[in-house]
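Let's start with one chain on its own, the form predicted on its own, as structure tokens.
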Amino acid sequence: MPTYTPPLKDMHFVLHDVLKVHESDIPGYDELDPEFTGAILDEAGKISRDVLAPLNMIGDTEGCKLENGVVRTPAGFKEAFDTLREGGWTGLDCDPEYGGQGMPYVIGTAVGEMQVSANMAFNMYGGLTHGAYSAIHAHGTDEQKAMYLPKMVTCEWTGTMNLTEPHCGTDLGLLRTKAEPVGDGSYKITGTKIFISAGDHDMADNIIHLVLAKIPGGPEGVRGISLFIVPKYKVKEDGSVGEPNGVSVGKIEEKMGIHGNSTAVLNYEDSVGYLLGEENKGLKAMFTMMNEARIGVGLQGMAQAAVAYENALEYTRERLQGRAVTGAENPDGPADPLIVHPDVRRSLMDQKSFVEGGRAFLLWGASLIDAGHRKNDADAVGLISLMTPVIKGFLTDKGFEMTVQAQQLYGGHGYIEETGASQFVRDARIAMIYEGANGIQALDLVGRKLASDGGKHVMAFFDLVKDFIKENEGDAALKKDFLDPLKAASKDMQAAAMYFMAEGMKNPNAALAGSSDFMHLFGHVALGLMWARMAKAAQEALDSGASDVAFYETKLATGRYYMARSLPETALRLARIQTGAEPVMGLAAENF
């Protein structure tokens, strides 16, 4: 059975040695001293390890069951949800005005990683609620916020997002769900939504669905979409739960993974709904939730890779198989442990360097979100908006790849359910698909985000890289192992962006054919920057006489591996981008 150990030391390193959160001018960060963050993360880690992780395999094997119109969650889920509620964990970074604890998003991100690694399917119930909370908080009226947010902060009521319909996924202009005005400010919502994660369950008193629908007579396509608050049960004026609201579960989907989360088909039949935000501006309000969710999904990709790596590492240390080519390293045993073999080491280093680089990338991204929200830093908002498709797309593509690498190290035992390796692979796979499939993320990055504000934000990213290199090029060791590879990778990214500018206007397919390659190229440069920053911090700690020499030396060795073995992929991605559209579009559709 798999285990989970929270990466507390690595989180401490990123937060305090690399990001230096307690020295930041972001409001609220002055409270994030090592003792304070350590206490929070330690307790969150214990809950993740001792409460959530033991339920992960149970959730996978039992799944959710639809009984008499109500979804039953796996054994232990409700009690675990109560544990989170009672500890205030569901409102960790929510507004204190509505009962939240008001902590920075960066702390919520660190806690979220541990919960996702421990039990991804379980974490989704609270994660989707947080997204719905954020949409109502940003776009709701004072009355709506007062009505819904306090109980969503505590997860007495949970939340969902309802976009997809049976006939349309990404192309929301095709949706058919209708919202008929009643005349009293409410609407009657009728339609069917599919793939609704946490769509129904038995762990909360009410479920607040955010539903995209069209008001008759509105503009065609996406310009005519509005967003509505549609509770599962009507809410009385005093805030108590009333009668059913015409929301029913058509079925629970049988899925490849995340079995512990109820993915529902929801039918709305004259359900009472309330407009959230402006009429026909539903996508604007929904994207508040979607963008937050995309950061969370990127975290899922990395977090599943992290727990898969942890368990695969332990297996390679214990499993005896073959002899080291340089001579027996376990001469008293029948064979050497798997970890002595170079190709096993290669796989483990691929995983370790991705996970630690991805963790730093996510926490840095979370700090940009905090800068945007807490100090109205427009540049930070622009930068995280640019990188959101990279965080979502790159980290989930690579995260899934790393869970497969982890599974491979078990050999045939990785294909047997009792080791848990299969579940990590299956659970990670969905992250590449939902909240906008990764191909869509790549198109968004190249087709919209690069040119946003005249290219200001991508130039800001290039300046971050350039300035870091310039500030530290006097450090010979850092220059050779980290700065020079980072500079080469950044030049590849700049060359790709220039290619899009030169060719994209003449032939848009030339840019879009290289969009996935660019998303990965950008992701590698971002992790390269993180590794360069971590290497600087690790060396400074060693130079200052840090006691845990092995930790910092390991950090440097892991970073050197990424810069030498993973970062050069940017040259391959650039070469592919520069072939343009012809190899991709050259074959007629009927000849496939």
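Worth saying up front: this structure is predicted, and the values here are computed from it rather than measured. Residue positions are given as counts along the sequence shown, with the first one as 1.
The same protein also has a form predicted together with another copy of the chain, omitted here; what follows describes it.
Across the options 199-207, 223-231, 435-443, 177-185, residues that bring heavy atoms within 4.5 Å of another copy of the chain in the model of the complex belong to 435-443. At a distance of at most 4.5 angstroms from another copy of the chain in the model of the complex, none of the three residues P27, K236 and E269 contributes a non-hydrogen atom. For the residues E143, E254, D332, E243, the 4.5 Å heavy atom test against another copy of the chain in the model of the complex is passed only by E254. Among S516, T73, N123, N311, the residue placing a heavy atom within 4.5 Å of another copy of the chain in the model of the complex is S516.
By the criterion of a heavy atom within 4.5 Å, F195 is counted among the residues contacting another copy of the chain in the model of the complex.
In the model of the complex, another copy of the chain sits within 4.5 Å of a heavy atom belonging to S422.
By the criterion of a heavy atom within 4.5 Å, A476 is excluded from the residues contacting another copy of the chain in the model of the complex. Taking non-hydrogen atoms only, K65 never approaches another copy of the chain to within 4.5 angstroms in the model of the complex. Residues of 140-157 include none with a non-hydrogen atom no more than 4.5 angstroms from another copy of the chain in the model of the complex.
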